[in-house]
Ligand code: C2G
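Below sits a lone chain in structure tokens, taken as the form predicted alone.
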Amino acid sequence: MKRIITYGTFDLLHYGHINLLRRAKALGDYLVVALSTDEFNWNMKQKKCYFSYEQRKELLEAIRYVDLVIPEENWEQKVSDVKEYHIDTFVIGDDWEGKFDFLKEQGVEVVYLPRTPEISTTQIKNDLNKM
């Protein structure tokens, strides 16, 4: 079984997120999504989410491509997650190109997928603020 992991906030879930999850799942058999907790988003990323961690987790768990949702609580946990969940491939958007190549040292394939260009959570929030 080939195991994939991806990370993100997944707030205001949209079709760009679904595209990422679909393409990530297509690379293997089992998709783990590490979902940023509210505390991590606020303290480390300076992001305030519209939906709580539990709400975002519930949304992700309802998506057929997602097999398991785990909390992302800090930047450093990626190496331990790869080991604990026996991950073969790490997948993330190409806006992070090169940032996670260090995981290759763990024997993990690192894939940077192109983002869906016309949509982002930031864009949605900005558009809503203009209304």
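One rule holds for the numbers: they count along the sequence shown, beginning at 1. In this text, all values refer to a predicted model and were calculated from it rather than measured experimentally.
Not on display, but discussed next: the form predicted in complex with the ligand.
Within 4.5 Å of the ligand in the model of the complex, a heavy atom is found for all three of 92, 96 and 115. Picking from 101 to 109, 79 to 87, 61 to 69, 45 to 53 the stretch near the ligand in the model of the complex, with a 4.5 Å limit on heavy atoms, gives 45 to 53. The ligand is not drawn, but in the model of the complex it has a heavy atom within 4.5 Å of residue 14. Among heavy atoms of residue 23, some come within 4.5 Å of the ligand in the model of the complex.
In the model of the complex, the ligand lies within 4.5 angstroms of at least one heavy atom of each of the following residues of 26 to 45: 36, 40, 45, in sequence order.
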